[in-house]
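A single chain, nothing else alongside it, follows as structure tokens in the form predicted on its own.
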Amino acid sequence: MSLSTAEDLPTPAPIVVREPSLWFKLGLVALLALLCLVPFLFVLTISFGHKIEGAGWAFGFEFSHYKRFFLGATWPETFQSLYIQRLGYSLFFAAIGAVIAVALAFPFTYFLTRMSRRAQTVWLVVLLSSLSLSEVFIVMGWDILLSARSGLPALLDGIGFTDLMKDLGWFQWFRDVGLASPRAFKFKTSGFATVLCMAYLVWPYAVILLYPALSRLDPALVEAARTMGARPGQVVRTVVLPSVRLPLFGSTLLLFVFLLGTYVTISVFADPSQHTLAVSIYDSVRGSTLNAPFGAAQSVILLITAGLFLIAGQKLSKAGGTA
């Protein structure tokens, strides 16, 4: 019985990867244009429309809505910066919420990648399942949790923490920052509750975005640093963070853009004087004013602002990668 050599074995058939056809490419471009470009062009067209008092609006080409946004409705008599302030609050709340979410997700994801494969799978399934919860459902839960009668303020009062803060003279500080009434703690409405709920809203996204980068981190680097005498904090600061700085920045930027459009959280937890542009857009389109062209103009400005931040973030990422 003769043994077969490598030359006698059949040659495996080469794997042929077919290039997508021209019609497939055109169809994909048409689908992207239908889902992305056409809605934007439609909103852009409406933003130049003419508001008809008591009768909706009509197509036109006027810049009065953009002038109202940047200069106010009474310009040139007086200058008003109401909508610029709302854009500023949009940027402020989104930035703080994204940073807090990534800062809390980073240590959790780091330790998650050090668990067994089974434990990682379970946690990832739980996180992916939590993404099915709508913003309305999450805000409703936080609304109950921060309620003065049945939530965290009532708990702090029941365990005596409120009286302790009063006896120590620290309760006045909570009143000064808007987290307490004259008698008890009060987290609604406040910037604290707003940012806390926004950070919780995008925390699962932050974990999922950071998981690939941290799971690919070579454990030998951490072990080498520990062998050389580095403490755990030094290892994270000098080895782990530099290795994943670009994913950290990219995740924060993506979550920041996502939070720019948060509506329900702002409506429930933010003070009316700190409402964001998303709330103003809804009030213009579906609220009491019924001014769709002005709402469209605000939408275009918010979208352009998000695009500028994405472009700036991409340039900074490239500069950081080549540094």
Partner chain sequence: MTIKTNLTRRSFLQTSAAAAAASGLAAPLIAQDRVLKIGSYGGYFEDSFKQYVYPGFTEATGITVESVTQPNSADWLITMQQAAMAGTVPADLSLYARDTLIKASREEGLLAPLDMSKVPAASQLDPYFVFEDSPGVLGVGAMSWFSSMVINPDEIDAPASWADFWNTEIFEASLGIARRYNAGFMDVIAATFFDGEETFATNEGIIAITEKAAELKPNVALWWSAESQMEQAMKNLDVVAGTYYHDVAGIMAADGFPILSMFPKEGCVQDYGSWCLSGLSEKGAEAAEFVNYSSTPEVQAIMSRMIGTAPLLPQEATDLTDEEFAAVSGSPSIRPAYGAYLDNETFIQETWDAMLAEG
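Numbering follows the first chain given and starts at 1. Given the structure is predicted, the values throughout are model-derived calculations rather than measurements.
If you look for the form predicted in complex with the partner chain, you will not find it shown, but the lines that follow are about it.
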Residue (of R183, R237, R245, R226) lying close to the partner chain in the predicted complex, criterion heavy atoms within 4.5 Å: R183
Heavy atom within 4.5 Å of the partner chain in the predicted complex - residue from L82, A119, I208, L217: L82
Interface segment, criterion being heavy atoms within 4.5 Å of the partner chain in the predicted complex, picked from 105-113, 124-132, 146-154, 194-202: 146-154
T45 within 4.5 Å of the partner chain in the predicted complex, heavy atoms: no
In the predicted complex, Y263 touching the partner chain (heavy atom, 4.5 Å): yes
The partner chain contact in the predicted complex: Y282, any heavy atom under 4.5 Å: yes
Exercise: G60 in contact with the partner chain in the predicted complex, heavy atom 4.5 Å: no
Stretch 215-234: residues contacting the partner chain in the predicted complex, 4.5 Å heavy atom cut-off: none
